[in-house]
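Before any questions on binding or motion, here is one chain by itself as structure tokens, the form predicted alone.
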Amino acid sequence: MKLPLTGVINLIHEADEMEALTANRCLATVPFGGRYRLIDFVLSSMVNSGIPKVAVFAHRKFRSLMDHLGSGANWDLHRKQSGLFVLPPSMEDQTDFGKGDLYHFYRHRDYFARSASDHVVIARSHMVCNVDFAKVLDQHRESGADITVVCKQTPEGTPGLARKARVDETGRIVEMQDHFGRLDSDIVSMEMYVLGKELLLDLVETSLAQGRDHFVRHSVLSRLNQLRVHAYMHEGVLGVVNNIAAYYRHSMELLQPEVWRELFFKPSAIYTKVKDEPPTHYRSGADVTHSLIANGCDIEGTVTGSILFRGVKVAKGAVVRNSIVMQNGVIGENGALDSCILDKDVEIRPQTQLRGSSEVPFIALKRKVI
């Protein structure tokens, strides 16, 4: 069933402290969980909720984004009507990347105006979660809110840059601070906003006319006293993945079966670009425990507490512990990794040993030979 919501995945000025992992790609396409990209989670949530039309507002380094999304077929968005729209910045926009997301919303206002849906959901790509937007829309309507923000109660010390919010007894957000604010609250915004299409277009034009061009900061936070901004509390798994500490911690949490099952299958499955690979080959002498292993790997050494993406080779005598090795990585004979993150196509030569820590993992750049 189609949900009367238009989807927007907003990549404009996403908070990004991923260092080497976003040197050549945008945050949305950082690999995660053995075979996925960060954008897969919010995109799959929208599709599973019945949202028929999704636009991705691209910004910088979007070549890998275009390659990953393609026609949208892997998410059943390759349609004659509605479907997937990737909207990269125009040549004019690329000369001034400092402009806020409201400017880009205004440039693509026809996308909203031509939508048959009365409501819009605007989301970021770095929230690793599985959300049913139909329930969010139901609460939005029942509460009479102008804007509904998907939020999550998180333990103190959870890594990742997120806005904190304070909610009163009626569910209304009475205070929200930017990523580096010091608000004493355990509720964080998941950067998912449901609001009426006409309200959004009005906020875009009004804010820009006042010389303000950031959607959340200028259109939402500055109007908390004027608009009814309510919180929808998400009960499932959440990973705010926009810095290295958060990426490593939330990746390692996938090794807990209950976390893995809830994230990838509740309420619905998470989809990604399909790449056909043969099954992993476990050779004589291979020892693999407590790990996620994607297809196409060739393992002869020891792997424990780690995540291996497609096509990784672990040679005889090599040991991989508490590490993340992305696509086509090679660990040479008698090499050793402990608390490392290797980007795609990294080769670790024989006898080489690399060690990081859970707080500061060692990171190897894409295609590096060590």
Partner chain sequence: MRKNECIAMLLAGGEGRRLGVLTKDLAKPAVPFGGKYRIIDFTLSNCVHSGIETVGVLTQYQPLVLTQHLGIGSPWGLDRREGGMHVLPPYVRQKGGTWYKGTANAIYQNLGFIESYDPEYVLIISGDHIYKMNYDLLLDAHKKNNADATIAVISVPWADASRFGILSVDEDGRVVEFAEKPKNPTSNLASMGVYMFTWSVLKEALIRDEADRQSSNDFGKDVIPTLLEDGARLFSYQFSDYWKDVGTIDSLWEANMDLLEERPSLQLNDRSWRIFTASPNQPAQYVAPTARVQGSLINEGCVVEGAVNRSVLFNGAQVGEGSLVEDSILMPGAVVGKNAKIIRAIVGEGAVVGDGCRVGSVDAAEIAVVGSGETIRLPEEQKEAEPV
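Keep in mind it's a predicted model, so treat the numbers as computed, not measured. Positions refer to the first chain, counted from 1.
Form predicted together with the partner chain: not shown, discussed below.
Looking at 212-220, 180-188, 165-173, 74-82, the stretch with residues near the partner chain in the predicted complex, meaning non-hydrogen atoms within 4.5 angstroms, turns out to be 74-82. Contact here is defined as any heavy atom lying within 4.5 Å of the partner chain in the predicted complex, and by that definition not a single one of Leu5, Phe57 and Gly98 is a contact residue.
For the residues Glu262, Glu277, Glu205, Asp146, the 4.5 Å heavy atom test against the partner chain in the predicted complex is passed only by Glu277. With the partner omitted here, the residue from Ile270, Val237, Leu200, Met192 that has a non-hydrogen atom within 4.5 angstroms of the partner chain in the predicted complex is Ile270. In the predicted complex, at least one heavy atom of Gly33 sits within 4.5 Å of the partner chain. Remark: Asn328 counts among the residues lining the partner chain in the predicted complex, judged by a heavy atom distance of 4.5 Å or less. Mapping the unseen interface onto this chain, Ser284 counts among the residues with a heavy atom inside 4.5 Å of the partner chain in the predicted complex. At least one heavy atom of Leu292 is located within 4.5 Å of the partner chain in the predicted complex. Shown without its partner, the chain has no residue in segment 140-159 with a non-hydrogen atom within 4.5 angstroms of the partner chain in the predicted complex.
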